[in-house]
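Take a look at this one chain, the form predicted on its own, written out in structure tokens.
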Amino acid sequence: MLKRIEQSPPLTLLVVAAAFFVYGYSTSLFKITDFIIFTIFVLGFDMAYGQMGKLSFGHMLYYGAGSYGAGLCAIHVYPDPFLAILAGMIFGAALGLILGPVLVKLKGAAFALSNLAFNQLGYFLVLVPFAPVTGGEDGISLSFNSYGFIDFSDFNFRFYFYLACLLGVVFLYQRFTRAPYGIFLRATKENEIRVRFLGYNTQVFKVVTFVISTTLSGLAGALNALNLQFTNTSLIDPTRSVEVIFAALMGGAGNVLGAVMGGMAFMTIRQYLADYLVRWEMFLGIALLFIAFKLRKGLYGVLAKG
């Protein structure tokens, strides 16, 4: 059933929209916007991990860059929400363009740890040298203009706008992965030497994909800045990169529905289990071990097989 849904883009969009709509109006619109933002972040991460096989331990760098890009744009340029979102995406894309040509040459642990190192460097720069601009640990409070019904302080508008952003990302992700380019990426992931032997420059394609990944992560960070009207160093903290990795593994890497399910599952555990268990992270760790040993293709793999 899930495979049939994913093979039909309109049906995929309908299912994702219905899931978040029902979830949002049965719980809290404020909480569900966090779910949507995180799911966009997972989709950005999955572009690198699921499509290229590149596991990054420092993807919070690009998420935080998007958040700070939106915030600094609102303060120092103009407090337009759409301009702030664009600035966040540009910050994420710029980091991808700068670091991508170096990082994508690396494999396995070298790629993962190099991302972590750059994330730690970015965290230090925001926390100490650039503190007069970024606010350091205190962060910076933000405000954005409103234009009639376009008001990001309104829960209902924010929910529908963020849901539209998520559906747009899902649509583009599917078009990207189902196109010949996506097939080429998966072939490179399986056997890069053979693809190079056919005459393709795999380096260029990997850099482009990495930039797409960092841009989507920057988009998620910018949306988070608008959602909270605040940004601080917690949004670029390298220790939080494990969250998006957990979500991708829980849902199942390499497909859009897996990323969506992983994002929703992780945020559900994080948001609601914490109300009943003080150390909810222990339960998350147990769940991840169970998935790693028993459900190696994640929730998507299990449900698609069933």
Partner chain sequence: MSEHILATQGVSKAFDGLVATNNVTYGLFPGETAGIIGPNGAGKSTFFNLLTGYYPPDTGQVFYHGREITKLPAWDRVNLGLVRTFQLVSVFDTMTVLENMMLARMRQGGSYASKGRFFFGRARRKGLDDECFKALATMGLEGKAGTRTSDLSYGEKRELEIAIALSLNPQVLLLDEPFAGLSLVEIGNISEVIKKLKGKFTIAIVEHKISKLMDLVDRLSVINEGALVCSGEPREVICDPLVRECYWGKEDMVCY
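Positions refer to the first chain, counted from 1. Keep in mind the model is a prediction, meaning the values are calculated, not measured.
Beyond the structure shown, there is the form predicted together with the partner chain, which is absent from this document and is the topic of what follows.
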Discussion item. So if I measure heavy atom distances to the partner chain in the predicted bound form, which of the stretches 75-83, 116-124, 232-240, 202-210 falls within 4.5 Å?
Written reply: 202-210
Worksheet item: Would you say all of 175, 178 and 187 touch the partner chain in the predicted bound form, counting a heavy atom within 4.5 Å as a touch?
Response: yes
Item to complete: Using a 4.5 Å heavy atom cut-off, state whether residue 90 contacts the partner chain in the predicted bound form.
Response: no
Fill in: 4.5 Å heavy atom contact, residue 183 and the partner chain in the predicted bound form
yes
Discussion item. Is residue 140 near the partner chain? Define near as a heavy atom within 4.5 Å, in the predicted bound form.
Written reply: no
Worksheet item: Quick one: does residue 107 come within 4.5 Å of the partner chain in the predicted bound form, counting heavy atoms only?
Response: no
Worksheet item: With the partner chain left out of view, which of 128, 193, 150, 133 would have a heavy atom within 4.5 Å of it in the predicted bound form?
Response: 193
Worksheet item: If you look in the predicted bound form, which residues in 17-36 sit within 4.5 Å of the partner chain (heavy atoms)?
Response: none
